[in-house]
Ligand SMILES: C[S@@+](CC[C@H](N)C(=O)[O-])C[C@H]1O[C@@H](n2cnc3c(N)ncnc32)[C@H](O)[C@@H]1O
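Listed next as structure tokens is one chain, alone, in the form predicted alone.
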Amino acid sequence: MNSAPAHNSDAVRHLYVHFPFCARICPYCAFYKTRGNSADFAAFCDALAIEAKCASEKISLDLDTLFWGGGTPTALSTDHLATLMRSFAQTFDLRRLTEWTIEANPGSVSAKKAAVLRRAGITRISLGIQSWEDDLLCLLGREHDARQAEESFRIFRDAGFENISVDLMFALPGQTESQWRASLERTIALKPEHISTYCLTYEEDTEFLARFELGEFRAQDEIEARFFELAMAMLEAAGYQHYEISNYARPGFQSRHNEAYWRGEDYIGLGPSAFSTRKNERWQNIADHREYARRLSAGESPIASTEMLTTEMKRAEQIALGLRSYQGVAADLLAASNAKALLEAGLVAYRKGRVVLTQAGKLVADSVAEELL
């Protein structure tokens, strides 16, 4: 955003805000979310403003990135969002921000809302399109169709956003390779700066897992690998750098906020269910938006649980997360014997003192990480 002086090296530079509300509850999603009403939205906004002020007073913050996720932040009204953005600008020093992301669903986008977000200083949109096939969008429980998805993308472009990320999902029940190829082609044609591609996983406490356990759905490793390879080939050929297992970006448009997570940097999370990690401590807010609002309005802490991170826990996270990134993991973090075996198997390579996944290794990234822990 600007060329500000160097950041305070001791301060936390990354802030995440969890918005718990969605117009619909997607049957595959395991994040904390709910369908709220106008009273819930107002109570949440008031509570979030209180928590933000408390965080600014108790924690040394020198923000580089801000990420509003969920849930669906854009499920809130334009007025609620505008009020929150003014509150954040008054509470935090946002002048050093290099990236302010908001997640958006196509069904909750309007030209007015996009213009308000742009004027408030948001620089990056993460648009949850997921698929360009209307039958698959219906299966996923999405509130939009393909026409609305493209219209929403163009609304954000017309509002002046020059950094838009599109989310896609693959290996969906019944999805064909030709459908996946067509989704990638249609996305590339829009020329977003960033594309995320996520393989469907069957998460705890979701309708999709229940259907999977009943045998209605099944995972097929061969199909998942083929779809993943197709995404890598097509997106890299289109000029996108595969900088993390699920993420591709044009040069200079990597998600700075997510890269901070993958490097193991400290971050603060606000909102119901949000996690924070600072030095060797991690805590999570209560995953109940009404109790979250009640506690903060009563002057109580919204924190539900805390844990202390050991050196071994932090090392394991560094390996698991770092290996997913194109930057890889410092070789001295790894057991030499394990790394050597994976090197000989062609799953990892050495690059400037770091261990990185090869194309073959990317197909089995989780297994490689387990071997290196």
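Residue numbers run from 1 along the displayed sequence. All values derive from a computational prediction rather than experimental measurement.
Below, we refer to the form predicted in complex with this ligand, which is not included among the displayed structures.
Looking at 214-222, 277-285, 93-101, 192-200, which stretch has residues with any non-hydrogen atom within 4.5 Å of this ligand in the predicted bound form? Of the options, only 192-200 has residues within 4.5 Å of the partner.
Quick check on this chain: which one of Arg124, Lys113, Arg142, Arg295 has a heavy atom within 4.5 Å of this ligand in the predicted bound form? Comparing distances to this ligand in the predicted bound form, the residue within 4.5 Å is Arg142.
Selected contact from Cys29, Ala43, Ile319, Ala52, since only one has a non-hydrogen atom within 4.5 angstroms of this ligand in the predicted bound form: Contact residue from the list: Cys29.
In the predicted bound form, does Glu244 come within 4.5 Å of this ligand, counting heavy atoms only? Glu244 lies outside the contact set for this ligand.
Residue contact check: Pro302 to this ligand in the predicted bound form, 4.5 Å heavy atom: Answer no; every heavy atom of Pro302 is more than 4.5 Å from this ligand in the predicted bound form.
With a 4.5 Å heavy atom cut-off, would you call Gln130 a contact of this ligand in the predicted bound form? Yes, Gln130 sits close enough to this ligand in the predicted bound form that at least one of its heavy atoms falls within 4.5 Å.
Any of the heavy atoms of Gln175 lying within 4.5 Å of this ligand in the predicted bound form? Taking the distances in the predicted bound form, the answer for Gln175 is no, it never comes within 4.5 Å of this ligand.
Could you list which residues of 66-85 come within 4.5 Å of this ligand in the predicted bound form, counting heavy atoms only? Contacting residues: Gly70, Gly71, Thr72.
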